[in-house]
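A lone chain, given as structure tokens: the form predicted alone.
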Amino acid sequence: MGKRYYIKTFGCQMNFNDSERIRGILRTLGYEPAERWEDADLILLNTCTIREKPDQKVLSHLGEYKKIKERNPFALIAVSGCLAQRAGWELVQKAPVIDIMFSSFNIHQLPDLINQAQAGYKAIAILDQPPEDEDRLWNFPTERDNPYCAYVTVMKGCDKNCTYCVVPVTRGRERSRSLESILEEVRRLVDDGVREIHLLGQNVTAWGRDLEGGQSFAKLLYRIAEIEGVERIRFTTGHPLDLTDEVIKAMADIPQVCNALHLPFQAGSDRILSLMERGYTKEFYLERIHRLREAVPDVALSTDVIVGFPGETDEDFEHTLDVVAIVRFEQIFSFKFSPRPGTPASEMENQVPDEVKTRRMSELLALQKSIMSDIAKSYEGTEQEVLIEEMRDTDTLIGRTTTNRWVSVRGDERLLGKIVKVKVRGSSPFNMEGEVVEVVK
């Protein structure tokens, strides 16, 4: 048998896309996937460090994975991703079992790092900035989980300076991938049967700003939509300041762009937004939402919220609840503020006690639960276009609406990869059930 690998991924969609590319690299080296880490010759943890909890989970997993060395002394343990970039050798000192370490800057160097580790060296490659040959990564294949929907990373890094965030350190400043490279990958994906393209970036709507020739994210959307076979386009994650009128118009004009958007607002209080250095106000955020809904009336919105940022008062938090009540998001990803080493917010005065964060989080979740229940009911009796992505058992399939909600339907495998019209019979906040009434395409 050939060598086998096992990958555990934490964090955002970009990390999952990075793992798909790592799997593609390992495939070119002759590795095959292992179902269990106990059976692997290479175990890789692709990490997140946006909050403290993922850091702790990584150390816990490393403590478990080191047992592999007893069974297979030649097995390698690797750590990649944002925690690797932030912690570097400090993490190796805490977990000497690590043989290989790299970050999103240099995934393409994995073959060389494996060779170094197999020769008995610690292959630790944490760089201060992306290397000049970073774009070599796009030459490697990807190993996707979903044959019909594909992530495509269009840019890396972020030029914003949010005081709570480590992304500019762990992912670097903004680097847009070239238009030609993106379009080439999309064409390959469509030829491989992919119907939905999901564009990724830490600040995806800022794509093109650093490229020559007047490139913009809206123009990228139009160019991708021109490729025959692209049925759906999604993108994550944008910043409110970069949700321009041009982007909104593209969302309204391009039939393939789904009527769903994830747009973090983080806090409703102007004072807290200023401390976060988000660069906008509550009024500005709500104006962008209003403008978007004028252009795309049925758009489904989701967001990120931080609860308990340093100095946040009950009055400040009421503004957050107010934004949630006005916008009525279909989904909220809410987090208690977690101080990240090296960020300005970690050293701010007036850190909010955990019990206050917990109380506020409960209030937020109670409000959102009520909103989600109302929205779920509004889907009942409607007809939705659904891309069937997966078969759960002998006669149950699941897919997603254009608004990014999961729906289960009865049918057979002939519906896989099809876009169908579904009559929604029942709907709850986290799933829907429906009946296929027409195969659209």
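Numbers for residues come from their place in the sequence shown, where the first is 1. Everything quoted here is computed from the prediction, not taken from an experiment.
Unshown form predicted together with 5'-deoxyadenosine; subsequent notes refer to it.
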item	value
Heavy atom contact within 4.5 Å of 5'-deoxyadenosine in the predicted bound form, the stretch among 24-32, 411-419, 43-51, 386-394	43-51
The single option of Tyr222, Phe335, Tyr280, Trp138 touching 5'-deoxyadenosine in the predicted bound form, heavy atom within 4.5 Å	Phe335
The unique member of Val324, Ile289, Val257, Ile306 whose heavy atoms fall within 4.5 Å of 5'-deoxyadenosine in the predicted bound form	Ile306
Partner contact for Gln266 in the predicted bound form: 5'-deoxyadenosine, 4.5 angstroms, heavy atom	yes
Exercise: Arg340 in contact with 5'-deoxyadenosine in the predicted bound form, heavy atom 4.5 Å	yes
4.5 Å heavy atom contact, Phe329 to 5'-deoxyadenosine in the predicted bound form	no
Non-hydrogen atom contact Tyr164 with 5'-deoxyadenosine in the predicted bound form at 4.5 angstroms	yes
